[in-house]
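Shown next as structure tokens: one chain only, the form predicted on its own.
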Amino acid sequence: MTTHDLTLISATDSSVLPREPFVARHLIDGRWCESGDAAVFERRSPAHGILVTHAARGGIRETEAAIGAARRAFDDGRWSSISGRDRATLLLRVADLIDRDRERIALMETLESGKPISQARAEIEGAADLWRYAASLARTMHGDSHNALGPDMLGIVVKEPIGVASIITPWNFPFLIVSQKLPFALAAGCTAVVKPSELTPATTVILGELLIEAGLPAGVVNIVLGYGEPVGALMTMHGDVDLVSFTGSTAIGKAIVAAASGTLKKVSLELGGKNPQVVFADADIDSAVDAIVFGIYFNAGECCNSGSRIIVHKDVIEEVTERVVALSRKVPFGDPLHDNTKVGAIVSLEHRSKIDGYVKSAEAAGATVRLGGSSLSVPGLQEQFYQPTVVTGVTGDMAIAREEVFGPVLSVLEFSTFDEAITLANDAAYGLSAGVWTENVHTCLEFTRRVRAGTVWTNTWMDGFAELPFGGVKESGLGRELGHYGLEEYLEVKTVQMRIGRTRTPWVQNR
């Protein structure tokens, strides 16, 4: 297949590219600072190749200082002891500032990650909504009372902030994912230390600027830039940290659980997925095909919710495959700064090679590449693109059907019976999300009951709402984000038992 068969958008107006890189520093105890050893790292745009971020590189010294600042800020009550109303007021102020600076944030996210600017704008808008939703939770948080324990007893269940939260975020949705965590931690009354990915640090630093502008007390949120070792590792092991919230790979998630076990701190993980969409013979094929194409190419497939495998009934598999291939050719790949681009650059050359390795391995195992299957050249841009790829003849034992490719690569599997579809859908270590396409509501409900996934979409894919919890089962993670469940992650439950009468029978008789 030649690139002439695809819809490509070449490099466009370079005038929007920054003349100087964004300078990112640590935020520790309300102050912006360089690293003590003056260490730095840099990030180049995966699409354009220019230097876009020059960042301080933190180490043990900076991480310990940030954790210490968060600990002091929590213990002295400057944030945890104020009213839910006051916390909500500040979160709402941050949301307004995010809206004000949406274009600036979206541009930096596009330059660092390679995602399309139109997608980045939508994500920043969604992030502001998460801050507003978390503000509503800050004002409505409550415990329980038990007034049926007897005439002289009253039981109260109090929910309190857990303490200091370490928040570690990935490169694929840097601003959106920090906004799925941090405002909920703040709504609960926690303080935090945040480490963004070294590939995409800028937008988290911009968020820090907005927090200061909104009037957040010093030390409540601290940001340390750098690598997983030593920054992330210390954030998971440190005794002054009460909770670790991490989004990223399952392998790193397992390492975090092991590291956190030394202090038995709470761990919340949102990890990988190998998410199936099952298409039954009676499905609305038009809607299913459009959602399949969206599900695999959104964010270049660099998404834990990517619909990376479809399981299609034998009666419609050829029609579905042909239509997916045809529609895939029409998806605009190219310059992420162009408003019409739907798919941008792969985050790094190393990751592009990993994606290609899965495709080549599937071919060697007997699968057929119906579309794509190699790197993609876009005029005027870097060589960090990968073709829209559809692989058929995939069987459940192939790595491409079981492991997270994290790229624009769709695996197509076939089924004959409902039980076979369920077996294939559940035949992976992951359990993040799943989808079903059928006009039969009974099939939808039965699938929803039997599939092992934290989210099930029926006749749709990848809708999201602040009110609904998100997270996985099996090796896709622990805990939940969003909804009131997202707030619960940052709370401890305390039982208070009050005797309100004088009728207690003495344990020792005083005679």
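What you see is a predicted model; the values in this text were computed from it and never measured. Residue numbers run from 1 along the displayed sequence.
What follows is about the form predicted in complex with ligand NAD, which we do not show.
Chemist: On the criterion of a non-hydrogen atom at 4.5 angstroms or closer, are Thr53, Glu123 and Phe175 all touching ligand NAD in the predicted complex?
Modeler: No.
Chemist: State yes or no: in the predicted complex, is some non-hydrogen atom of Phe41 no more than 4.5 angstroms from a non-hydrogen atom of ligand NAD?
Modeler: Phe41 lies outside the contact set for ligand NAD.
Chemist: Does Gly272 reach ligand NAD in the predicted complex if we count a contact as any heavy atom within 4.5 Å?
Modeler: Yes, Gly272 sits close enough to ligand NAD in the predicted complex that at least one of its heavy atoms falls within 4.5 Å.
Chemist: Looking at the partner-bound form in the predicted complex, is Gly84 within 4.5 Å of ligand NAD by any heavy atom?
Modeler: Residue-level check for Gly84: no, no contact with ligand NAD.
Chemist: Would you check, heavy atoms only and a 4.5 Å threshold, whether Ser249 touches ligand NAD in the predicted complex?
Modeler: Although ligand NAD is absent here, Ser249 would touch it in the predicted complex, with heavy atoms inside 4.5 Å.
Chemist: Heavy atom within 4.5 Å of ligand NAD in the predicted complex: which of Ser179, Thr236, Thr389, Thr341?
Modeler: Looking at the other structure, the residue within range turns out to be Thr236.
Chemist: Which residue, Glu229, Asp419, Glu350, Asp397, has a heavy atom that falls within 4.5 Å of ligand NAD in the predicted complex?
Modeler: Residue within 4.5 Å of the partner: Glu229.
Chemist: Could you tell me which of 402 to 410, 141 to 149, 308 to 316, 365 to 373 sits within 4.5 Å of ligand NAD in the predicted complex, going by non-hydrogen atoms?
Modeler: That would be 402 to 410.
Chemist: Mind listing which residues of 192 to 206 have a heavy atom within 4.5 Å of ligand NAD in the predicted complex?
Modeler: Those in contact are Lys195, Pro196, Ser197, Glu198.
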